[in-house]
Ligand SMILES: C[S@@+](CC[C@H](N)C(=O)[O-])C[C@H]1O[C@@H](n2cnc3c(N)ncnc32)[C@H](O)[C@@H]1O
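Next up is one chain by itself, shown in structure tokens, the form predicted on its own.
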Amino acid sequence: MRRSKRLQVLCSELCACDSFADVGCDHGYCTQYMLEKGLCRSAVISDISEKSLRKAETLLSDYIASGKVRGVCCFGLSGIPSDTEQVLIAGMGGEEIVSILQNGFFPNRLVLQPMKNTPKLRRFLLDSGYSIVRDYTFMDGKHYDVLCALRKGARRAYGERELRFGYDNVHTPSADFLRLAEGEIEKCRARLRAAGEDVPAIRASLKEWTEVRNEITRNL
């Protein structure tokens, strides 16, 4: 089955584990990938939407029948076993993911794809004792952030720039992130032109994006 670039990227960040959960599973493609590749012995798929969960359960019906997959209609981690090793949470806001973790449990490994408020999620993970081992942006029509975090692992040094833009985007930037930076610079310039006057918040954002873009181009 052909998966979008977004799903391909998410699947590429999933590791072998004993137990896996896909929170907000939608169609269930990432769980299908884990099982097809033999990367987990058991999986739980969950979604707050019964309709979405049914789609995933239909896709994974053979695995459900064999006892390898269980579907749960619930919010966040409330229906997920607390000893689940690896959890994927994708397509939600960063603040919503923070709320899910605060009201649930802390798995050994997290693969997260927040739609917004990524800096808040980064700070929460670090404050909660996680090591963020992957932290980058990719493009698939629009830009997406991906974070992979471990409960145990070497801590990378996060300053304000890494919190704002992502560690790998700052230190090993991709062409996708450079394209995003160029786009944000143009948006800021357009907003300033449309405003017809200087807007400090837009000017500050323009300065931030310009500085990080210039650092990237110097190091290419």
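So that there is no doubt, residue numbering starts at 1 and follows the sequence shown. Remember, predicted model here, so these are calculated numbers, not experimental data.
There is also a form predicted together with this ligand; it is not shown, and the following applies to it.
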query = Among 16, 66 and 84, does every residue place a heavy atom within 4.5 Å of this ligand in the predicted complex?
reply = no
request  = Could you work out which of 104, 91, 94, 79 is the residue within 4.5 angstroms of this ligand in the predicted complex, going by heavy atoms?
outcome  = 91
Heavy atom within 4.5 Å of this ligand in the predicted complex - the one residue of 100, 150, 126, 139 that qualifies = 100
ask   = Would residue 118 sit within 4.5 Å of this ligand in the predicted complex, counting heavy atoms only?
value = no
message = I'd like to know whether residue 7 contacts this ligand in the predicted complex, with contact meaning heavy atoms within 4.5 angstroms.
response = yes
ask   = Taking heavy atoms only, is residue 176 within 4.5 angstroms of this ligand in the predicted complex?
value = no
inquiry  = Residue-level contact is defined here as any heavy atom of the residue lying within 4.5 Å of this ligand in the predicted complex; does residue 42 satisfy this criterion?
reply    = no
request  = Go through 179-187, 44-52, 162-170, 57-65 and give me the stretch that gets within 4.5 Å of this ligand in the predicted complex, heavy atoms only.
outcome  = 44-52
